[in-house]
Structures are given as C-alpha cells and as structure tokens.
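Below, in structure tokens: the form predicted on its own, a single chain.
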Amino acid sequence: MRPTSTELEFLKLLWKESPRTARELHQELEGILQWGYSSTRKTLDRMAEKALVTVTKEGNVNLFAPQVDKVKTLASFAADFAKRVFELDGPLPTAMFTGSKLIDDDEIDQLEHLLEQLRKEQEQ
C-alpha cells in the first residue's frame, strides 16, 4: 500500500533516523503539518495498521520505525507522478534525483531499476 503524502513526510524522517517517538516526529513536522499532537498519534496508529511502520514499546514510550522500503516507495511515487502529471509512459530520467537529500547514489541506481520494472509492468 502506498502512503499518503502526509504519511510520506513521517516516513522520510524515519528513513533518516529510526526508531523515533511520536513526540520527536511531531516536533519535526509541527511546522509543516500545522496540527496537534493527537493528530500525529492518530496518523502513526493508522500507519501501523497499514503496515507502513512498526511499533515497539520501550517502557511507557512507543518507538516507530519504517516498515516499507524507501527506494521502492519513492519509485512508486515517482512513476505515479510522471504518469498522472506529465503523462509520461517512458522511463523516468533518474538524473532528476541527483542532489536529493533523501537518497544516495546507490539508491538512485536501485530507483532506476525499479522505475524500469514499473514501466514494463504498466505496458503489460
């Protein structure tokens, strides 16, 4: 299941550093999402139900970690965006990811491979 754009914001933080508490995630995203802590908790609970994150209990605190692969998730988003917005049916240029703060060169190579696979699946 592909995450929503809001869920993707949580995953991007968790891919950079995990596990993290709901409070830590809320503090990082508070300025972006403009909502209260209870909404952060509800979103994380839904993400756990959707198997996007794992939850482990440490004392009285829940720790969240990503359960979905970063490169596969980003490939899915990129392919969908290219098709819906730009109406591209061909392969996406991975050069557009150069300089990304989210993925490194090895992950760009993986992304290129996954995007090609997605394109072939769509042709069938």
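Counting begins at 1, following the sequence as shown. What you are looking at is a predicted structure, and each value in this text was computed from that prediction instead of being measured.
Keep in mind that the form predicted together with the DNA is not shown, yet the notes after this line are about it.
Give a yes/no on whether Tyr37 approaches the DNA to within 4.5 Å in the model of the complex, heavy atoms considered.
Although the DNA is absent here, Tyr37 would touch it in the model of the complex, with heavy atoms inside 4.5 Å.
Contact with the DNA in the model of the complex for Asp69, defined as at least one heavy atom pair within 4.5 Å: yes or no?
No - in the model of the complex, heavy atoms of Asp69 and the DNA never come within 4.5 Å of each other.
Using a 4.5 Å heavy atom cut-off, state whether Lys57 contacts the DNA in the model of the complex.
Lys57 belongs to the contact set for the DNA.
Looking at the partner-bound form in the model of the complex, is Lys83 within 4.5 Å of the DNA by any heavy atom?
Output for Lys83 is no: heavy atoms all beyond 4.5 Å of the DNA.
Can you name the residues of 38 to 67 that have a non-hydrogen atom within 4.5 angstroms of the DNA in the model of the complex?
Those in contact are Ser38, Ser39, Arg41, Lys42, Thr43, Asp45, Arg46, Lys50, Lys57, Gly59, Asn60, Val61, Asn62.
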